[in-house]
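Before any questions on how it binds or moves, here is one chain, the form predicted alone, in structure tokens.
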Amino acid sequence: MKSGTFPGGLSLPVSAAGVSKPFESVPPSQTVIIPLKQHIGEPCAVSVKKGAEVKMGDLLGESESAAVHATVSGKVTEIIKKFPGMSGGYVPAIGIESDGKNESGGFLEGSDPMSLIQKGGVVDSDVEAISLHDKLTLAKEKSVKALVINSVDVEPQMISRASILAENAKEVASGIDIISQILGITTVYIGVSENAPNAISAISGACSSAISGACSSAHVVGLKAKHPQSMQELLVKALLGKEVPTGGSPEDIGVTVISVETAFFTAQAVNDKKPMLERFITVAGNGIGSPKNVLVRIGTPIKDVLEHCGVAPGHGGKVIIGGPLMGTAIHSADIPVTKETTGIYLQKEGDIAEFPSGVCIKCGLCVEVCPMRLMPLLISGFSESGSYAMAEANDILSCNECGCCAYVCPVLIPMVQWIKLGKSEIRAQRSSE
């Protein structure tokens, strides 16, 4: 096992002690809201009517590449046309009132792995969730030669990915073999953070005990505990020494990157014929004390997850979907957990800081830590002034919004927010042309 990393980024003193904590199942909620769009692409078409009785696993909506399912048994109480989406805008959604019985519906039908992945609604869970069916289709079209399993957590405070490996290595190994067989490849790299020895030993043992399949010869690589190591471009650079072209994807250089939780849910869909109904997440932050790993049904309100973790309603703090560096603050804890939810971070009310009207002092710290080798002070400044063409000319669209620049800024300029605004404006202008 070798060790890898990438230039730039942040080495933050974050304990991984929570990796040894098992996942706790959050009890099903009385009411769930399940968006019909939980991935990049078009929303799923509604497959049920208001008043319909459903069971766990019953199909609620489907598209050519994805599907969503009921996560509790009960009655469909509403078909919502405009529900706030986590990536902005509005999406259709379905509300279900639980009957408390938790009865399971039918299992997925068929034997073709790609069909089961699509029918099971499996998505590749990352900063942006993409239908696994679409991702594997692209990988096959590009004739990829290598599979990278991303077991590095998205943010330093999040520990769910390492914990999945530590607890479910055999299921992950089965998912890796299924994906490898679909793509017709034998070269597999599994990237794991060095500070998660339990995860490394678990997946190494599962791979070494495999009699056949791509997982039996997988390269398990310990990676420096540095943010944002989980980014696909940086992971490919650290593991294979290859550069992903600007504006391109790993598939353009013969590699596809799949998250560890996606491998788990792939095995579940293909082996057990079970759709993706849950999400592994970490709940962390100074507003909760020690972090918790939880397994949450999709559609569960964030407030119910927090209550399970001992956070009382009206806590007064800030709730962030994701983590402290890349997450998005939400205005209401009634928002549900979706396939896009990478974690929940709770900040105490007393630790919430107001951003001053800082003026850049040209110290260059943001340039030094930028893992994408950009000039954050320039692209955020151009965006702040409305000079979007100049921001685009300086590669604002290549920014992965990791938050390293804002973290080190001595005058607390909210660079990531300005960059997000600039990217949004540029894309809006493109779509109108």
Partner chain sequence: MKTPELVVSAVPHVHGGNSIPKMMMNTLIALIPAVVIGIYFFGMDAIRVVVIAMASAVAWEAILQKIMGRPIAISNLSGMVSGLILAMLLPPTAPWWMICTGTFVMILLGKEIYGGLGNNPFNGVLIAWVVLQMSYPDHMMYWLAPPGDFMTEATPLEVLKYEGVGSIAEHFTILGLFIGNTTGFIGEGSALMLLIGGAYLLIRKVVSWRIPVSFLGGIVLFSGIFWLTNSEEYASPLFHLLAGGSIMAAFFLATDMPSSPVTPAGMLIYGFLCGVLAVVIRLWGAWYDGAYYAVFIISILTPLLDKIKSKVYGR
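Numbering follows the first chain given and starts at 1. Please read these numbers as outputs of a predicted model, since none were measured by experiment.
In what follows, reference is made to the form predicted in complex with its partner chain, a form of this protein that is not presented.
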| query | finding |
| --- | --- |
| Residue (of 77, 137, 347, 271) lying close to its partner chain in the predicted complex, criterion heavy atoms within 4.5 Å | 347 |
| Sole residue of 40, 52, 365, 46 within 4.5 Å of its partner chain in the predicted complex, by heavy atom | 365 |
| Heavy atom of residue 395 within 4.5 Å of its partner chain in the predicted complex | yes |
| 4.5 Å heavy atom contact, residue 91 to its partner chain in the predicted complex | no |
| 4.5 Å heavy atom contact, residue 298 and its partner chain in the predicted complex | no |
| Residue 331, heavy atom within 4.5 angstroms of its partner chain in the predicted complex | yes |
| Its partner chain in the predicted complex: contacting segment from 78 to 86, 182 to 190, 323 to 331, 98 to 106, heavy atom within 4.5 Å | 323 to 331 |
| Members of 227 to 245 lying within 4.5 angstroms of its partner chain, judged by heavy atom, in the predicted complex | 233, 234, 237, 242, 243, 244, 245 |
